[in-house]
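Given next, in structure tokens, is a single chain: the form predicted alone.
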């Protein structure tokens, strides 16, 4: 599925699976606030069984699902969803950023993992990325996964999960002290595209500036 086409306000059917009504209602309000970008049609399920029934009856573009619920974990529900809906896009949601929680959801087939304190702008970015065929971690989770990788090879593997190939390419050029204009010319793209890549790198690698990006590139042996 291609990136959401905001000009046409495409309808995006979203199922929220969470056993806490307050969380479901909060997500509903958040996504409603993003309706100027896309028209989100929202459905709710209070547990895994209810969610599976709704998914079996209706096609959804995206499922946003809590990790921890009664009877079945989020990972167990994902396995069951993907057994009969293998193309389903699923975004994991949790209060917890512990590695086992994150890894179990991703191993089960989730296309992203965010924390419940996520800001609307980042939630929109997560949805755009996942519907566009990518994988999305919120910045706190991305950093946690990166730091968890102990050795250089593991960090490179983790980096490849967090960053796109183009972002890695741009990061390498930033570390070589190339300006955004120079990178844009090298890659035959607009400067604003490189500006966006730079900001995405700063957000994903949880650094503050170019110096932080250079240090990240060194850690990843990109030089």
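Take the two forms, find the largest set of C-alpha atoms that superpose within 1.5 Å, and that set is the rigid core. Treat the numbers as computed from the prediction; the structure is a model and nothing was measured. Positions refer to the first chain, counted from 1.
If you look for the form predicted in complex with the DNA, you will not find it shown, but the lines that follow are about it.
Engineer: With the partner removed from view, which of 28 to 36, 41 to 49, 178 to 186, 54 to 62 is the stretch that lies within 4.5 Å of the DNA in the predicted bound form, judged by heavy atom distances?
Structural biologist: Only one stretch qualifies here: 178 to 186.
Engineer: Flag residue 12 as yes or no: does it have a non-hydrogen atom within 4.5 angstroms of any non-hydrogen atom of the DNA in the predicted bound form?
Structural biologist: Close contact is absent here: in the predicted bound form, residue 12 is far from the DNA, nothing within 4.5 Å, heavy atoms only.
Engineer: Contact between residue 192 and the DNA in the predicted bound form at 4.5 Å, heavy atoms?
Structural biologist: Yes, residue 192 is a contact residue.
Engineer: According to a 4.5 angstroms non-hydrogen atom cut-off, is residue 166 in contact with the DNA in the predicted bound form?
Structural biologist: Residue 166 belongs to the contact set for the DNA.
Engineer: Can any non-hydrogen atom of residue 214 be found within 4.5 angstroms of the DNA in the predicted bound form?
Structural biologist: No, residue 214 is distant from the partner.
Engineer: Does the distance between the two CA positions of residue 17 reach 2 Å or more between the shown form and the other one, the core being superposed?
Structural biologist: No; that C-alpha moves by less than 2 Å between the shown form and the other one.
Engineer: Check residue 211 against residue 115 at the C-alpha atoms and report closer or farther in the predicted bound form, compared with the shown form; the change is 3 Å or more.
Structural biologist: Pair moves closer in the predicted bound form.
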